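For this one, two forms of the same chain are given in structure tokens, first as structure 1 and then as structure 2.
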Structure 1
Amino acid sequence: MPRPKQRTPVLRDQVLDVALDLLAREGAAGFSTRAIAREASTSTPAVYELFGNRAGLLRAVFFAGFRRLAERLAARPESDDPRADLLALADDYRAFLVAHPELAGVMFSRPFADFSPGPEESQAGADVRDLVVARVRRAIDARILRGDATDIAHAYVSLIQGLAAAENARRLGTSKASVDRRWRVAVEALLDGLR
């Protein structure tokens, strides 16, 4: 009997897209509920009904980021060279984080005081984690690496994220050549050191 609802899951997706776009365009500073509501042609109470609060919206951005990263990593098919596949994984991971620095911040730093991922949110990265562990395990099976697959995956991902954070902060070098070289030195050394 009342008017038909507009604050549906469809609108939720639209608002989320706007939020991702706005974050990429204007960074953390422009990420206000008013700006998002305006760009999505709706009102702030709609955003609050759909996401609870700004932290909920950031949570959704966080999950979307991991979904996209997992897609990106899965897009590259496995070859018959497990080591090359791990190097390619690092390349893809790096490319994603550098192409979406603000999104990377939400995923791995905490650019917003009101959202910090807890145990609840650790499930978001499950697909990415599984994919990395699988590629590491293949390398172990091929006798290219030695050790526990999960431990090695953590080491590898930590190195990649550390390098990407440094690159995004322009801390890793001034020229593209030096940045590329330091990525290569670090990633290859870690793999070599794992036997």
Structure 2
Amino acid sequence: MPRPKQRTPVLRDQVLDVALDLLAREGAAGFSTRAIAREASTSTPAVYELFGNRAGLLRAVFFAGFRRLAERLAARPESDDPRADLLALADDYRAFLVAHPELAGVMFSRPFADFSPGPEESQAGADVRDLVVARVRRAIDARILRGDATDIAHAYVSLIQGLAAAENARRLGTSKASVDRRWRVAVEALLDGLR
């Protein structure tokens, strides 16, 4: 008698964890459904049954990345200093992007031709956007920044993502001290310029 199929939420989570781990270790070039199935001790058809196809698995990775980023950013409580909170938020965002460059690529750079985010995926980062906009709005309310909260949040996040990409490509400096200093200069200049 054949074994019953075990396409459970537990297996789905296991496959997704393996996919995230494989992406981190092997990058986009090593991300294959077959390798993921092998490392998750399941079959390629099981992966397809759970996610539809490779694009469906990439979609799950995309959503998992934004969940993890939102959790990371929300973990630090607000202080009584909105500007310090924005500097700390930049540090936390940076730490995530630098620790997970391949995942950040899936989230922001789209390295896979068979995965193109649609309208539902554009909502994946809603928690991250809401948190950043809220922290910016808090600084505006405290008269530390001036301008539209959404506009400032876009500039702030774009700066962070660009600096992280430069750091990951080793174009931001040759020592940790120089990289840290350039991060601080850029983020503080943005915040000072919006006073």
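One-based numbering along structure 1's sequence throughout. The structure displayed is predicted, hence computed values, not measured ones. Just so we're on the same page, rigid core means the largest C-alpha set that superposes within 1.5 Å between forms.
Form predicted in complex with a further copy of the same chain - which displayed structure it is: Pick structure 1 here.
After fitting the core, Pro77 CA displacement of 2 Å or more between structures 1 and 2: Where the cores coincide, Pro77 shows only a C-alpha shift between structures 1 and 2 that is less than 2 Å.
For Pro119, CA displacement between structures 1 and 2 after the core is overlaid, in Å: With the cores aligned, its C-alpha sits 2.5 Å away.
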